[in-house]
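Single chain ahead, written as structure tokens, the form predicted on its own.
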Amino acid sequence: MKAKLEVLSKDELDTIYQTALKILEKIGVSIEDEEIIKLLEKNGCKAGSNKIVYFPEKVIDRCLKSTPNRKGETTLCGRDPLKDVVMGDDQKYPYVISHVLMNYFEGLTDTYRTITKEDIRKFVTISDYLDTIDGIWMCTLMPDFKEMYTYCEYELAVRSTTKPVCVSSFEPSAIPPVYDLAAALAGGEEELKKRPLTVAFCEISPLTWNKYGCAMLKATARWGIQPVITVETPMGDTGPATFAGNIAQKIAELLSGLVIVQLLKEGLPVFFVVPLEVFDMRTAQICLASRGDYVWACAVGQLEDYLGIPIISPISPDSKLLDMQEAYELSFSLIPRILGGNKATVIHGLDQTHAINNELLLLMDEMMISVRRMLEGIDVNEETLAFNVLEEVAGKIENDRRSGHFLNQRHTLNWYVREHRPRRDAVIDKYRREKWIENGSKSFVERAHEKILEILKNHKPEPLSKEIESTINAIHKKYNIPDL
């Protein structure tokens, strides 16, 4: 039997979904764009005062049916098609996406600073090396890049990995150069239609698409870009404090974006991102890894299956250090998501989506190997029950005592690695204390740092071709972007 975690019944999911439909039809969504309001009205929605638009269920159903990835497969495309992230029912393991953020935390010195281009290159290179990391998400907002940060982040990332790269954008004006580079990487605009670029942006809670969000909806539709619709509804702040109500609001907001996307460009694949945030009444701070997130993590896989739309679920520890709190928040956020069936997570590092750390990538790597093994469950058959080998071992007797063991059994050789996933290159220490002291009494962070230096020394991501480099030079000149 394979591991599976479920916390909502089918009836409860139905009730939450029906409440979401009721929200859209009775409460409506604020739309700060006249063109989109007219488009919605033309397709059966009703617009009231203050730019509030009401969505009838039939419009939502029609747009869900026109979303091609519903109950099918959706792909995040990389430079190397063999490394594409294909989200669907047949995927073997949940995907993990690392996230490049605004700051860098030096684990050995506890130094916190603004991220640099070299930090980005190193972080993406390590992500490219690790088999348990399947893609990279970029959102640094580096001041040096100004309004072209989306393009600059994208170029820096694709130079250091052949895995999929998703970018966040708050500047529709930066989409054209990103599109030009993506088309060159795909082999032309026609190929890009088959292997589209993916861009993330946010709706505003409660129930609002502001001018920026509307501009991004139109930009992705215009360029044929896969949109990643993100909703943020902190519990007790811009969303209800109850889980059922908060999830219903999230669904309503997500569906409103999906409807607009499908009306703008029918047939465009869509991703959802649904972080769980809690307004901490003690600190007046939005927290991303509270106990509320751990409960939500149990349900997000069920919601993904129910809606039929792929959900990338963020994991965002609140800890400011690589400490016990960081490990606790990361594990309690990750494990229930994976066991609950969520198909992809994006891990934000530390400090509430504000900082990254290279050594933390190795902790994530170890955690993912463990949770993958948990998902596989326990096989029960004649071979794994090991009756015959136990009978043989127990049958060895010397001086009237059983003297057999399993160390020299072929059964152990055949099954040890499959069952326990040992690693020769692990940074997790498993030696006795005396050996650990002999090796330098190093902490996890120290051992991970040594491994990071080894990776950066030996792993060389596949370089871009001369043709792509030429395209990049042309993009820099066309859009007045300095060399990176």
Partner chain sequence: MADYIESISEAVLKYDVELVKKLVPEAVESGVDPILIMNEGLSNAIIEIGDKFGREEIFLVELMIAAEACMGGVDIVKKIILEKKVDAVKPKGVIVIGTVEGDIHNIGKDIVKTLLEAAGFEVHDIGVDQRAQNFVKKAIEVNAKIVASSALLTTTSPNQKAIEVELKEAGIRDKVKTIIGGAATNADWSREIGSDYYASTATDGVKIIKKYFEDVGK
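Residue numbers count along the first chain shown, from 1. Everything numeric here is computed off the predicted structure, so don't read it as measured data.
Missing here is the form predicted in complex with the partner chain; even so, the following discussion is about that form.
The candidate stretches are 324-332, 85-93, 208-216, 160-168, and the one lying within 4.5 Å of the partner chain in the predicted bound form by heavy atoms is 208-216. When you look in the predicted bound form, the only residue of I369, I204, A244, L375 with a non-hydrogen atom within 4.5 Å of the partner chain is I204. For the options L108, M281, L413, V380, the residue carrying a heavy atom within 4.5 angstroms of the partner chain in the predicted bound form is M281. At the 4.5 Å threshold, heavy atoms of A186 stay clear of the partner chain in the predicted bound form, well away from it. Taking the partner from the other structure, the partner chain in the predicted bound form has no heavy atom within 4.5 Å of any heavy atom of T75. Contact check for E392: no non-hydrogen atom falls within 4.5 Å of the partner chain in the predicted bound form. V295 falls outside the set of residues with a heavy atom inside 4.5 Å of the partner chain in the predicted bound form. For the stretch 238-254, the set of residues having any non-hydrogen atom within 4.5 angstroms of the partner chain in the predicted bound form comprises only T238.
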